[in-house]
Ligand SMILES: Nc1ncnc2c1ncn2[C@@H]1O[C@H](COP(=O)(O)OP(=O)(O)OP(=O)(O)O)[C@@H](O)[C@H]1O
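Below you'll find only one chain, the form predicted alone, shown as structure tokens.
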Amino acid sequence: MSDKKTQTCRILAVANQKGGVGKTTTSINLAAALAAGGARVVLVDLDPQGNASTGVSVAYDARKGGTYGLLMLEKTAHDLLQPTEVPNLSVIASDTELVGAEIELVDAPDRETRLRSALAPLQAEADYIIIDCPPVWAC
């Protein structure tokens, strides 16, 4: 028997239909606390306002792109992954283009699984993926 512990990446979505209930604050603090404890964490900002990205000190003009490109399959998760000032914490930032994603994905045959598929390559490198959802979405 091997003594190696099997790596399992946990994906947690912070979601609520109502805005202003602390989803972003919870996502940022949970991600930072896990990273401070030594876990490798990726924060995924799915809110077009981009407050989770800003909250981990990634300014809008410093973003490599956003989750819109991830959902539209224009960029990979690795292309968009950015380090933060917090050790062990990376972010896939949001952008304002994300507002149109819901409408653009209506006819996409894989719309229900697109995010899961796009984030799959990160699971081997992260202990946790924390998803900050916008209001109304059921991530």
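Given the structure is predicted, the values throughout are model-derived calculations rather than measurements. The first residue of the sequence shown is number 1, and the count goes up from there.
FYI, the form predicted together with the ligand isn't displayed, but the following is about it.
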Counting only non-hydrogen atoms, choose the one of 110-118, 63-71, 45-53, 94-102 that falls within 4.5 Å of the ligand in the predicted bound form.
-> 45-53
Mark A124 yes when one of its heavy atoms lies within 4.5 Å of a heavy atom of the ligand in the predicted bound form, and no otherwise.
-> no
Sequence-ordered list of residues in 21-57 near the ligand in the predicted bound form, where near means a heavy atom within 4.5 Å | V21, G22, K23, T24, T25, D47, Q49
